[in-house]
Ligand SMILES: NC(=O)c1ccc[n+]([C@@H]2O[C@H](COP(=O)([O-])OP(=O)(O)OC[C@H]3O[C@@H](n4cnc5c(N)ncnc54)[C@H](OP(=O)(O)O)[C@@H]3O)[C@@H](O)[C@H]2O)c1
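Below, in structure tokens: the form predicted on its own, a single chain.
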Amino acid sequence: MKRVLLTGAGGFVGARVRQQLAEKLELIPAPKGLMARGGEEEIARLVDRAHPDAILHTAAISDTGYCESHPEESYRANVELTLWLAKAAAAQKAKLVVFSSDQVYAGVERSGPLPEDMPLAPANVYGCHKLEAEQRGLELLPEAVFLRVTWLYDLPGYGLPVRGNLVLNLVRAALQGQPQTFSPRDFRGVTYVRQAVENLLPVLELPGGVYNYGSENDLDMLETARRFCAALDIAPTLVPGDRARNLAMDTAKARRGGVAFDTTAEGIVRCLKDYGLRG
């Protein structure tokens, strides 16, 4: 059984890693608050004491608006912390898996599913910091794996933390009678988080590099919202917007490594079955 140091263990992803993979990995949660307050030496001591086979780094500041307003905090959390972990992992000869983001593709004008090796110039602070962390992290530790993760969602349950996501936004809009705007010119994958967590087992065996990670989606976001509403049997008012964006990723590289996801439209069905809301 692999010994895995887990950062962000109390967060949206980390809490689900602990709940779903506790019997398949020997998980060592990083002390609460250390990722937010610790310096490079403290991080190195933590990794040295844990002596893990792998480090799964899910801790981040992922609110794009907050990162835009607080770039120094974002840089420490999303770049410096990742680099400190990369150095510590190299010293321990441990595998490092880092949650990056589809926001590295923000600002891309190319249509169609996007591959990992295309030139990038992210249009927001969060995407810029995640891309810098990937590039510099791989310079320090070429064996590291960076996962460009899509927008994740889950339903409340299992006593686990939830955060704003597509499903909750749509349900809230239906209950409160608030219109939601989605653009037919906006494309991105949306992924059921519990499937993303399940797939971390094959991820631990991937060779180093950057991987697009999550559900592919050939639907625009307006149609995606309609499909989710139909699956959830809700009918909020959906207003067509005009935002032009493409974050839709090509996940063929991860599939070749044994990482397989449902499509976005299939994933919501899996989610509802897991929660007993669909036969």
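All figures in this text were calculated on a predicted structure; none of them were measured in a lab. Note that residue numbering follows the sequence shown and begins at 1.
Omitted here: the form predicted together with the ligand. The next part is about that form.
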(Q) The chain here is shown without the ligand. Which stretch in 204-212, 106-114, 176-184, 92-100 comes within 4.5 angstroms of it in the model of the complex, by heavy atom distance? (A) 92-100
Q | 4.5 Å heavy atom contact with the ligand in the model of the complex for all of Ala59, Val149 and Leu152 | A | yes
Q | Contact residue in the model of the complex, chosen from Arg45, His51, Arg243, Lys32 - any heavy atom within 4.5 Å of the ligand | A | Lys32
Q: Scan Ala230, Ala36, Ala252, Val239 and let me know which has any heavy atom within 4.5 Å of the ligand in the model of the complex.
A: Ala36
Q. Looking in the model of the complex, any heavy atom of Gly10 within 4.5 Å of the ligand?
A. yes
Q | Partner contact for Ala88 in the model of the complex: the ligand, 4.5 angstroms, heavy atom | A | no
Q) Is there a non-hydrogen atom of Tyr126 within 4.5 angstroms of a non-hydrogen atom of the ligand in the model of the complex? A) yes
Q. Just to confirm, Arg136 within 4.5 Å of the ligand in the model of the complex by heavy atoms?
A. no
**Q.** Residues within 4.5 Å of the ligand in the model of the complex, restricted to 68-82 and counted by heavy atom
**A.** Arg76, Ala77, Leu81
